[in-house]
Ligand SMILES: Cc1ncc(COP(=O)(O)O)c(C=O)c1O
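A single chain, nothing else alongside it, follows as structure tokens in the form predicted on its own.
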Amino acid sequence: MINNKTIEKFREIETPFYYYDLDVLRSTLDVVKKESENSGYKVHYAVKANSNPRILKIISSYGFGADCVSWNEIAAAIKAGFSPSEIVFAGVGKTDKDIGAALKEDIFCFNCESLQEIEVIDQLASKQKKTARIALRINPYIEAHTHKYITTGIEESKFGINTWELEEVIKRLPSLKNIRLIGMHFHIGSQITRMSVFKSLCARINELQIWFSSRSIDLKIINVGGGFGIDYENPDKSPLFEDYFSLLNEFIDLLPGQTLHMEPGRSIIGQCGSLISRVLFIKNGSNTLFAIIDAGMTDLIRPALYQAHHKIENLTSAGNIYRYDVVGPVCESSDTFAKHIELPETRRGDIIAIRSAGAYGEAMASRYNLRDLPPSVFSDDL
């Protein structure tokens, strides 16, 4: 929660910057830890959502694992206290360099997305005289009902192994002496808000369990990936992890000796972060009032890239309500955070908060236009 005392502190800080409410983060982590311990599930935080070093240290202190998609993410996770034995390495295009470095650290598992990738990992593991544990990322052909850019489990997706390829993969594995198959992995998309989507995933997993069992293949882990969404319209509302865990408990049929793994990112970090900005100018258009702020798409690209919605608040103004297009200073027409939104009369110097920006905000920032990267400010710094 952003209170009046916090707002007064914001006035003293150069904008734009990311503000992280650590109480919100820790309360979310408390819920996830409780639910995972009650269920016996293993949580791997998706580092791509937010790799801020202090954020990573806090999350690692809860005993969670990490889900990484590059060697640099793995290195950052290890530096922050995550154990290599609880790190999974995903990604459709792992480089030889990244694979080799991950093998040296003896990470828990590679989530593999093609037979060719598995063969390359086998070759590199052989050079190090190691055995690489892998899970097969399988394309479940499930529509996530989210933005097309963050949908990953449908036909003709670059992600995952197609079910019609599984027979070939299984036949090839015995000849790969430095590979050990330990599980299957899924990730059907991000910002999924329909629980029915996860129910469909559970049904598909149960079908594949039967397929593997009929071939006498013993899988120790089932990794459902991530994708659980947050409420961008209500930034003070926490994700309903209890419902998510209950659904998995009810609809996935784990076999004896199996452990369920998951990779939440946005749902852990999204609601604790806000992008704080100042109004530079108010500009009159023919039919529009523009509130031009000093944060831009370089600081938070989601609205420009995904047409994503973030709730925007004027923290320092009250009074008559007007409609504004809230836009940034970057020399692109797509540098727009919202159109025709209601705000109290907004003036130069007002402090603006773009809420629910903890995930895929700071992590995706760039220096386009040679703009500075936004710094981070934590609630216990104020």
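None of the values given here were measured: they were computed from a predicted structure. Quick note: we count residues from 1 along the sequence shown, nothing fancier.
There is another form of this protein, the form predicted in complex with the named molecule, and it is not shown here; the text below is about that form.
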The chain here is shown without the named molecule. Which stretch in 273 to 281, 291 to 299, 258 to 266, 175 to 183 comes within 4.5 angstroms of it in the predicted complex, by heavy atom distance? 258 to 266
Is Q191 one of the residues lying within 4.5 Å of the named molecule in the predicted complex, judged by heavy atom distances? yes
Can you work out whether K48 and the named molecule are in contact in the predicted complex, taking contact to mean some heavy atom pair no more than 4.5 Å apart? yes
Heavy atom to heavy atom, is Y18 within 4.5 Å of the named molecule in the predicted complex? no
G226 near the named molecule in the predicted complex, any heavy atom under 4.5 Å? yes
Position in contact with the named molecule when the complex is considered in the predicted complex, options I121, L201, A102, A90, heavy atoms within 4.5 Å: A90
Going through 61 to 79 from first to last, which residues have a non-hydrogen atom within 4.5 Å of the named molecule in the predicted complex? D67
